[in-house]
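Next up is one chain by itself, shown in structure tokens, the form predicted alone.
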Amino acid sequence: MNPVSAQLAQAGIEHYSDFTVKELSYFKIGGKAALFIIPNSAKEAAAAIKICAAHGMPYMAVGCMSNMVIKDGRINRAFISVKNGFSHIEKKGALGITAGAGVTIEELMNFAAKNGLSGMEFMAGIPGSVGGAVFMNAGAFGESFDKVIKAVYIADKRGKIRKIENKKGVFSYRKSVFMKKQCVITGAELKLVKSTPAKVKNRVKHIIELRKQKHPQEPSAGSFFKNKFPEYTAGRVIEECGLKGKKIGGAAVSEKHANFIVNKGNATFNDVVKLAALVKKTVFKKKGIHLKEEVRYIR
């Protein structure tokens, strides 16, 4: 037993060595994480981070793994899962919601609709969890999650549990300061506006139907490239370059939406990376536009 596993065991924190993550990821791609840690509280998450940091073990938080392309083979890092131990969700005052990092976006939408709280319907249908949505500052239809975030709760490498208020510099387009902090997001506090359950449910239903019409159903990591340029969307640019349906190995540019790279059944990490590189090279050659990935490569 390695020293990290030994200390985790001593602390009573659930964990597994050489844990296969492929079937847990939305893309259905990935090898074995050196450690897969499942803390049941912010206190356990903080302890796990402190143990990993003390032994120089790279670590990262994972929820639904919906915005990641994970390499095949062994991944020399600890995955700290927030999917099971951080599923609490409750109202905070008249217009607030406090949600654990493991709460799925679908669960969050349902809770908001039930309580007649509006302001984040644009998030409806986005795969993944609250923690991942905060980390990536997820969004759609020109809006981002930080619009409704009041504060974020984290566990840091010193073993401390902290509250980070949403202020200038914490979030930007598909980015957050948490990408550079050695921490695990454990939850978030949201501030919404009053509506009625019927209005919120109808809006959520409409958004989900739009997404189903436009987006592919095959395994993917969601929108692959950022839509940061004002006059074009990545999907439109890629389509105009004639790349819809382009394949490398088991990975393909979706015929339904060109900003999705999908797994046709046997895609590898390298298939996806090579196809993404080809798309970027072709778009730059034909359009003079530099595409940048929205997804995260986990190597």
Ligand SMILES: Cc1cc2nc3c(=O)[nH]c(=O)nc-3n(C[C@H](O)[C@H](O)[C@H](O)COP(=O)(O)OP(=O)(O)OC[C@H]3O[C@@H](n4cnc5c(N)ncnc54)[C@H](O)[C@@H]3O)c2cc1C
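Each residue number is its position in the shown sequence, starting from 1. Predicted model, so just to flag it, every value in this text is computed and none were measured.
What follows is about the form predicted in complex with the named molecule, which we do not show.
Q: Is it the case that F36, even though its partner is missing from this view, gets within 4.5 Å of the named molecule in the predicted complex, heavy atoms only?
A: F36 lies outside the contact set for the named molecule.
Q: Would F269 show up as a contact with the named molecule in the predicted complex if we use heavy atoms at 4.5 Å?
A: Close contact is absent here: in the predicted complex, F269 is far from the named molecule, nothing within 4.5 Å, heavy atoms only.
Q: Given that the named molecule is not shown alongside this chain, does M65 nevertheless sit within 4.5 Å of it in the predicted complex, heavy atom to heavy atom?
A: Because a heavy atom of M65 falls inside 4.5 Å of the named molecule in the predicted complex, the answer is yes.
Q: Would you please decide whether P127 lies within 4.5 angstroms of the named molecule in the predicted complex, comparing each non-hydrogen atom pair?
A: Contact with the named molecule, yes.
Q: Work out which of R174, K191, K201, K71 lies within 4.5 Å of the named molecule in the predicted complex, going by heavy atoms.
A: Only one option qualifies, and that one is R174.
Q: Going by heavy atoms within 4.5 Å, which of 88-96, 178-186, 109-117, 158-166 lines up against the named molecule in the predicted complex?
A: Only one stretch passes the 4.5 Å heavy-atom test: 178-186.
Q: With the named molecule taken in the predicted complex, which residues across 129-145 come within 4.5 angstroms through any non-hydrogen atom?
A: If the 4.5 Å heavy-atom criterion is applied to the named molecule in the predicted complex, 129-145 yields S129, G131, G132, A133, F135, M136, A138, G139, A140.
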